[in-house]
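Take a look at this one chain, the form predicted on its own, written out in C-alpha cells.
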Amino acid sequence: MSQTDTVSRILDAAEVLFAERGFTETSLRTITSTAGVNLAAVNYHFGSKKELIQAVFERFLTPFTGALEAELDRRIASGQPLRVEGLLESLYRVGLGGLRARGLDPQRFMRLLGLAYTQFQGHLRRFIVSRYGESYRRFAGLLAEALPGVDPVTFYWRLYFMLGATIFTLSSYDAIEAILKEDFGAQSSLSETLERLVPAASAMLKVEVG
C-alpha cells in the first residue's frame, strides 16, 4: 500500500466516523481498524488525533474556499452590484457544488461543521481561523456591504442564524427529504434544496424589524 493510499484510507475512515459519532466519541483505534491500517500509520502521517481532525476539515475547506473565492472574484469583476441573493447563491451553488465535483459529500461537510460548533474543539477553531479566516472575513464583509442598514451586532447574529439553518438543513437533508416524500409525496434533489435555501436565507439576513 502506497503512502498516498494509506493517507486517503485514514482520511476516508476518519471523515465518516467523525461525522457519524463525533470527535470525542471516535477513537484512533476505531479509525485505524476501519481504515485497515495500524496506529503507527496515523501517528506517522498526522502526528495526533487533533491534527487528523484538522486534516479532515482541510480536505473540505481548501476546495470549498478556493471555489468560493474564484466565484467572488468573478462577480466583482463583472461590475454588477453585489446582492445578498447572489452572494448566497455563490456560497451554495459554487462553494458546496464544488465539493460534489471533487467527489466530496457536502452533507457530511455540514455535519462536521455542526459538530465543530456543538463539540467545542479549540484547536480546530484556531486552525480554521488561521488557515481560512481571510476567506470567511471576505465573504462576511461583502454580505455586510450588501446590508448597509444592519448594525454589526445584528448582522453577526443574523449571519449565524443563517449559517445554523444552512448547516441543519444540509446535514439533515436525507431525513428531511424522507419526511417530505412521506408527508407530501414530493421529492427535492440537493440542488433544488439549495435553490430553495437562497431566498429563505436571504430573508433571514434582510428582515426588517418594525
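What you are looking at is a predicted structure, and each value in this text was computed from that prediction instead of being measured. Start at 1 with the first residue shown and count on from there. Note that the rigid core is defined as the largest set of C-alphas that superpose within 1.5 Å between two forms.
The same protein also has a form predicted together with a further copy of the same chain, omitted here; what follows describes it.
Student: By the heavy atom within 4.5 Å rule, which residue out of 62, 30, 38, 154 makes contact with a further copy of the same chain in the predicted complex?
Tutor: Of the listed residues, the single hit is 154.
Student: 88, 115, 96, 72: which sits within 4.5 Å of a further copy of the same chain in the predicted complex by any heavy atom?
Tutor: Spelling it out, the residue with a heavy atom inside the cut-off is 115.
Student: Looking at heavy atoms inside 4.5 Å, which stretch does a further copy of the same chain contact in the predicted complex, given the options 168-176, 63-71, 42-50, 138-146?
Tutor: Among the candidates, contact is made by 168-176.
Student: Quick one: does residue 119 come within 4.5 Å of a further copy of the same chain in the predicted complex, counting heavy atoms only?
Tutor: Output for residue 119 is yes: heavy atoms within 4.5 Å of a further copy of the same chain.
Student: Would you please decide whether residue 10 lies within 4.5 angstroms of a further copy of the same chain in the predicted complex, comparing each non-hydrogen atom pair?
Tutor: Outside the cut-off, so no.
Student: So in the predicted complex, does residue 24 come within 4.5 Å of a further copy of the same chain, heavy atom to heavy atom?
Tutor: Although a further copy of the same chain is absent here, residue 24 would touch it in the predicted complex, with heavy atoms inside 4.5 Å.
Student: I'd like to know if residue 19 sits close to a further copy of the same chain in the predicted complex, meaning any non-hydrogen atom pair within 4.5 angstroms.
Tutor: Judged by the heavy-atom cut-off of 4.5 Å, residue 19 is in contact with a further copy of the same chain in the predicted complex.
Student: I want to check residue 51: does it shift between this form and the one not shown by 2 Å or more at the Cα, with the core superposed?
Tutor: The answer is no, as the C-alpha of residue 51 shifts between this form and the one not shown by less than 2 Å after core alignment.
Student: Quick check: residue 35 between this form and the one not shown - does its CA shift reach 2 Å or more after fitting the rigid core?
Tutor: Shift at residue 35: below 2 Å after core fit.
Student: Quick check on residue 176: with the core superposed, does its CA move 2 angstroms or more between this form and the one not shown?
Tutor: Indeed, residue 176 is displaced by 2 Å or more.
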